[in-house]
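Just one chain follows, in the form predicted on its own, and it is written as structure tokens.
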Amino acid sequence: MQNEQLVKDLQAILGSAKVLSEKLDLLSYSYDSSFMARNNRFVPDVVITPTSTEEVSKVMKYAFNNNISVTPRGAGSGETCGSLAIQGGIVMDLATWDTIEEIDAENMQVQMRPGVIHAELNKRLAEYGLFFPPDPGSSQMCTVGGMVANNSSGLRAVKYGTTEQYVLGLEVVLPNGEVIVTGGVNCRAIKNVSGLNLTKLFVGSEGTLGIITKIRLRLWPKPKARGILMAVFNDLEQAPQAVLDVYKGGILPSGIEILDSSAIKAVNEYKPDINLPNAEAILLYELDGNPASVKWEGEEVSRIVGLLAANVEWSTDPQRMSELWQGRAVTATAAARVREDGSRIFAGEDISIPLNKVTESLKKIKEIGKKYGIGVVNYGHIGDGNVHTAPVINPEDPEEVKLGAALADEIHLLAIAMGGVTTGEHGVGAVRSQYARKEHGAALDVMQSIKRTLDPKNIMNPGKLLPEEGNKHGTSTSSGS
């Protein structure tokens, strides 16, 4: 179908104001933060901004009948090309559909449309003494719909888990335009074991099975107290052990973050005033709960970690907590500044490793970096083994671009070899589908069967999450890392 006719048809369904087709508009939807997107442009044929379930359903029926690809998109803050139209077609921008429809405080849940910003949701919930715990680093910009589609998490996943644990039900428009509600049509219960769990099927499906148009989330009471502990280690081996020892002590912090020597160096060069101690590793523990329990847990974690660390500092003072956390807060930015002609690339950046393999993995990542002559800054959520690696290359140098892709490939394969996975929170998208066979084995065939059943024409976000069918080796046909 010619783009001109496609635009006219969509304007007839949605009205002209919700259909974008100017070149500059389309270009602005052609990239995200990923290394693949940096090296390619995936320009859609048209962008639409529906704001009702009826509009989404009409568009999907039209796309289904005309075999047109549809790629749902939130804020576009992803790092895996997940919301880019790599095969063209329609990008469905849901970010403007941002209504919080009901805060049901008595039943500890909220219903909203997909475009609600994470930080805005928690700001509204705070009025009721409630909160939605998963906390991605992009809180100020990412949408809750995108979080559900990617099963996002972040630093609090250690204690509170990932997004899937809070999704009670969804309204979904299937590829053929049919509208379903998962988790019970009129359900307001928190507990539900009735039927197959279709809600979990759609959470983390990355827009490959349907369009999420309404979300029902479970909420938690907002903790009344918080504290931060910083521990400094002269031996990297001691840091993961200090994490396990705290767990063995019966304490579950809300977050445990690590900066290794590469991250400490990057932070101190970027912001000398922060002046982190020169060490092999720094751990930051966040504890939350009621004031009495936070006080006791802070003292106990200090005692346990102090047996291994060179130095420990614990604080519940807001100003001091902010100072202790400052190094972690700027690490991602600092990583991008470690060389004047370089830039941090998002490739192989969020592997998830078993806790007892974190040290070995960090050492091997350093070796891989040396092999390719690429500096890699390591940090992340050590509490659940989610390691962030930040390779820094000159993206204008074609040779370094090739080396960066090869380095990312080795990091992904390392994660699988270590008994981990290629992504702990950023998702698969187009950049990691090539590893699906190695990660999932025969279960991948079941995933593809589900995809075929719900999306027989493969119009929903094609080229993402799963490798092309018939490719038994799971090798991606897509370019980039």
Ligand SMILES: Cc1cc2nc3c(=O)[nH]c(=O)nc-3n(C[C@H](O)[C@H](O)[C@H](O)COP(=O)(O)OP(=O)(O)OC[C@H]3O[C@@H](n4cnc5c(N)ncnc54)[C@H](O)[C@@H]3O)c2cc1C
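Computed from a predicted model, the values in this text were never measured in an experiment. Start at 1 and count along the sequence shown; that's the residue number.
Separately, the form predicted together with the named molecule exists; it is not shown, and the next lines address it.
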Check: S33 near the named molecule in the model of the complex, any heavy atom under 4.5 Å?
Finding: yes
Review point. Any of the heavy atoms of L94 lying within 4.5 Å of the named molecule in the model of the complex?
Key: yes
*Give a yes or no for G137: in the model of the complex, does one of its heavy atoms lie within 4.5 Å of a heavy atom belonging to the named molecule?*
yes
Is the gap between I211 and the named molecule in the model of the complex 4.5 Å or less for some heavy atom pair? yes
Within 4.5 Å of the named molecule in the model of the complex, heavy atom basis, the matching stretch of 258 to 266, 77 to 85, 369 to 377, 275 to 283 is 77 to 85
The one residue among S361, S254, T182, S152 placing a heavy atom within 4.5 Å of the named molecule in the model of the complex is S152
Partner-free chain; cross-checking the named molecule in the model of the complex, the single residue of P240, G385, P72, G298 with a heavy atom within 4.5 Å is P72
Does the named molecule, in the model of the complex, lie within 4.5 angstroms of each residue among G145, E206 and A332, using heavy atoms as the measure? yes
Restricting to 392 to 427, the residues within 4.5 Å of the named molecule in the model of the complex through any heavy atom are E425, H426
